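Only one chain is given next, in structure tokens, and it is the form predicted alone.
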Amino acid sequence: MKLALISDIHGNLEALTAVLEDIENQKVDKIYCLGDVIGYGSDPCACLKLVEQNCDIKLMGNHEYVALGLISTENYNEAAKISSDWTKNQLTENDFSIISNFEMKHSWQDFLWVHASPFEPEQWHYIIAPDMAFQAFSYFDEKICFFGHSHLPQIYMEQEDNFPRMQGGHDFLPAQENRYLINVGSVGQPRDNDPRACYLIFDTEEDEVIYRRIAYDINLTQKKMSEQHIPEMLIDRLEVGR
């Protein structure tokens, strides 16, 4: 089965639309969304609608958790707090109903999908370094755990009696004898110095991982965010990808 894995859309309708168009051309069987459909961007409702219509699996992200009032924004920076409050005010009752049905994690065969980490998934821990990945490997049994959250396409390979090997996201064939943590990157707000939308295709039969980078109309996205008075830091970072 050929899966498209998308994450961290963050209300960026132009990026999501471009990615969905590319996915259609890739002839995938299913689309999994790993969370954070909303937050930061100017089109949370439109993005939720597209995800609901197109994605077979939809996972809960921390920004959905905030919108549902399940966690506070006290640890967010000021720009994130402002955008979270703005986003929550845009959502309809139907949007809240869609979000409330998101799963916290999903497993199938020898694969696991989460938004942040298999370690205490409701605490939204980051995996951005080998020591964090080392801890996470202890909390799942599957061969591969796919995740998002940090907006950084990364691959961690488990190593016996040592910290996992970390590499940037790249196309590869996972070795049968190894286990992996694989970050699928961000559709709507990449932070790896590449402003193009990022998502991943995983072929479960070939065990092939393919990263896709898709250009979209960043200027239009920034214009729409500016019109909604979303903090400039969130607007400016889109064109530099960090």
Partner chain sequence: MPEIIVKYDNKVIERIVTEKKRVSIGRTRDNDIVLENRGVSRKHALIEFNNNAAVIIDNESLNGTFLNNRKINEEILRDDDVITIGKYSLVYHTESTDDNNDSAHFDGTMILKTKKQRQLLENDKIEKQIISKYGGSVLLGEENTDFTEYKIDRDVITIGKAKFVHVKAKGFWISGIQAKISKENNFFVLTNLGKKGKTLVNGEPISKYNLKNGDLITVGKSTYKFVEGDNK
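Positions refer to the first chain, counted from 1. Keep in mind that what you see is a predicted model, and the values were worked out from it rather than measured.
Just so you know, the form predicted in complex with the partner chain exists too; it's not on screen, but the next bit is about it.
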Inset, instruction - With heavy atoms only and a cut-off of 4.5 Å, decide whether K81 touches the partner chain in the model of the complex. - result: no
Inset, instruction - Flag T73 as yes or no: does it have a non-hydrogen atom within 4.5 angstroms of any non-hydrogen atom of the partner chain in the model of the complex? - result: no
Inset, instruction - Flag E64 as yes or no: does it have a non-hydrogen atom within 4.5 angstroms of any non-hydrogen atom of the partner chain in the model of the complex? - result: no
Inset, instruction - Evaluate N193 for contact with the partner chain in the model of the complex, applying a 4.5 angstroms cut-off between non-hydrogen atoms, and reply yes or no. - result: yes
Legend entry - N77, Q167, S97, Q109 - the one with a heavy atom within 4.5 Å of the partner chain in the model of the complex: Q167
Legend entry - Residues Q123, S138 and E206 all lining the partner chain in the model of the complex, heavy atom within 4.5 Å: yes
Inset, instruction - Pick the stretch from 159 to 167, 101 to 109, 140 to 148, 84 to 92 whose residues have a heavy atom within 4.5 Å of the partner chain in the model of the complex. - result: 159 to 167
Legend entry - in the model of the complex, residues of 210 to 237 near the partner chain [heavy atom within 4.5 Å]: R213
